[in-house]
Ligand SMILES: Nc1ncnc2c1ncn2[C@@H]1O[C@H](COP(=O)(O)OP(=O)(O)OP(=O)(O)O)[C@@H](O)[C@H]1O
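Take a look at this single chain, the form predicted alone, given in structure tokens.
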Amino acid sequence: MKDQAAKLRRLVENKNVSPELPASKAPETTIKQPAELKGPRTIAITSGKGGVGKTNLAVNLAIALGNMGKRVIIIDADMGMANVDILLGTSSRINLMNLLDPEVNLEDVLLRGPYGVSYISGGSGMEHAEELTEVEKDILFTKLEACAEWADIILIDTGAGIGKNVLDFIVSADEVLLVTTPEPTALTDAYAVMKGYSKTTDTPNLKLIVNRVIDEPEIREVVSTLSRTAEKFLKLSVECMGYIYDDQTMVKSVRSQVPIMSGYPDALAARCISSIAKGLVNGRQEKVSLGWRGFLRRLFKK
């Protein structure tokens, strides 16, 4: 019997799959507001494979939420890759694991980066987090508790894939944003994350973010493919929290190490991220209007 990933690949390649929504409408989904919680919301941002824009989303989402008056902290848990540093054009010599030093406090590792982004670098030591003694875990727990005083939302930028460390982070979070692109390999890997996640949590709360999409039909096809496959094989309900149109301005912003929400706030991709931020706050997916430039892009096939 062929595995479920193979079935997913067939669904992805099937051009005759009928979208669940009328072709004349963009996908709109009502997202349930999370239950009232004590302390900040914890949102893990993850992906099945690298290179789909996960960390870029985390950084720009933090800026967008900050623009809405939310206090946000990013935990860079991508196992020493320091991608948040790279995107912000900064560097950090101290990370979360330094909190094990009695002389180091949370204020020492909480970095106030540019564009109003506050973050904590996970560092390479995060790879060995599961080897911590109970005393060391207690130290980290006690010191990290203070984050609740300084943040309304904590974004956890996990590594890609389904390793134990990644699953630990996403299962522990209140909410999970799974980032994918329309490419078949990205969809197959995204499904693998959904499969691992569904097996390790009794209270799933996972939403899709579809990055680098061309048009509304492509959004509908991706969401329909993943949501129907997850429901059929995993009994997992998966909805779309938002989408980001393919935008060359994003490439420019990454190369210049200036987040698109700061350097190009009127760009199409920036407006999409702002819409995702509003959706997280308002509890529903927000539609992005392509506007005049979008009309011209469609007209001239740009």
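Quick note: we count residues from 1 along the sequence shown, nothing fancier. This is a predicted model, so every value here is computed, not measured.
From this point on, the text means the form predicted in complex with this ligand, which you will not see here.
- Listed stretches are 220 to 228, 145 to 153, 191 to 199, 205 to 213; the contact stretch with this ligand in the predicted complex is 205 to 213, by a heavy atom cutoff of 4.5 Å.
- In the predicted complex, this ligand lies within 4.5 Å of some heavy atom of Val254.
- Within 4.5 Å of some heavy atom of this ligand in the predicted complex lies at least one heavy atom of Ile244.
- Although the partner is absent from this view, Gly50 contacts this ligand in the predicted complex, with a non-hydrogen atom inside 4.5 angstroms.
- For Asn83, a non-hydrogen atom is located within 4.5 Å of this ligand in the predicted complex, even though that partner is not displayed.
- Contact with this ligand in the predicted complex, judged by any heavy atom within 4.5 Å, is made by just one of Met250, Val238, Ile43, Ala277: Met250.
- Taking a 4.5 Å heavy atom cutoff to this ligand in the predicted complex, the contact residue among Leu187, Ala160, Ile120, Leu88 is Ala160.
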